[in-house]
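Only one chain is included here, represented as structure tokens and corresponding to the form predicted alone.
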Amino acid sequence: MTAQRLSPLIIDKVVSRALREDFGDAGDITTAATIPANATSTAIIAARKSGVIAGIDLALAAFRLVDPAVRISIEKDDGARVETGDIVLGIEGTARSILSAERVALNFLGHLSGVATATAALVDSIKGTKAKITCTRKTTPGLRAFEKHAVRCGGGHNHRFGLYDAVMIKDNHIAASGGIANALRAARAAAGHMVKIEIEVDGLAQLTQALDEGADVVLLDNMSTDDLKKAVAINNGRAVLEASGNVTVETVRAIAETGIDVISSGWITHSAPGLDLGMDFK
């Protein structure tokens, strides 16, 4: 699937910062010393392992911000599945520009494609069920919008983007506010009519309390599949049920088959290995 493209306004800000970090005050001294200024080259970025692509626009921005004259052909766009050897981008321009932008482009492309690939592995594992795979706020600081975009490229869905777009009452909120009922009533009184309210529970008794207080979404934290099935029956469609904890490619199918609505995973953003992509000059 191809996710909606991100705004150039946020892309250029992040990519510019990465380029400044790499160039420092002196620029690319290796390339300047070894490559003639007028030398031109053709290169490709290709997959060295199979996976799902994400981050194309950030890679394009890296080359464009270094040298607007670099020409790039997109062979595999965001959301595309690739096999080993597949060409992702074709690049033409001055050799200095291509070499200087290479690492920043590959860093973004490899990391975000890794997130998309990890997401796709979970999505593929639950095909045929009604469950959706979502990410969490366990993202790399400064890269949340891009990692959540990569989740969508992998066929997943997004949880809240931050503290500002949904109410998420967790165990420490419950403890500090004096219980589930107190927390939910206070949240309902404070939240606008467009704001969803989710609460985390760790047992079926807490689930019943949350449902009685009208929670929109209930997060079932680290429950067994037997308890998840019971939770689905107790809920009977009243709230959206989200399962979290111990979500792996090996366990996710059994979780989905309980009838749960959403399965959230922090691993797909905070620990997904990068997809191996490389650039080679022709």
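Counting begins at 1, following the sequence as shown. Quick caveat, the model's predicted, so the values are computed rather than measured.
Only in words, not in the display: the form predicted in complex with a further copy of the same chain, which the text now covers.
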Exercise. Would Ser73 sit within 4.5 Å of a further copy of the same chain in the predicted bound form, counting heavy atoms only?
Worked result: no
Problem set entry | is_contact(Val66, a further copy of the same chain) in the predicted bound form, heavy atom dist at most 4.5 Å | yes
Problem set entry | 4.5 angstroms heavy atom contact with a further copy of the same chain in the predicted bound form for Gly128 | no
Exercise. Could you tell me if Thr30 has a non-hydrogen atom within 4.5 Å of a further copy of the same chain in the predicted bound form?
Worked result: yes
Problem set entry | Segment assignment from 154 to 162, 200 to 208, 116 to 124, 86 to 94: heavy atom within 4.5 Å of a further copy of the same chain in the predicted bound form | 154 to 162
For this session: Could you check which residue among Ile44, Val240, Val232, Ala254 gets a heavy atom within 4.5 Å of a further copy of the same chain in the predicted bound form?
Result: Val240
Problem set entry | Contacts with a further copy of the same chain in the predicted bound form, stretch 175 to 208 (heavy atom within 4.5 Å) | Ala176, Ser177, Ala183, Ala186, Ala187, Arg188, Ala189, Ala190, Ala191, Gly192, His193, Met194, Val195, Lys196, Glu198
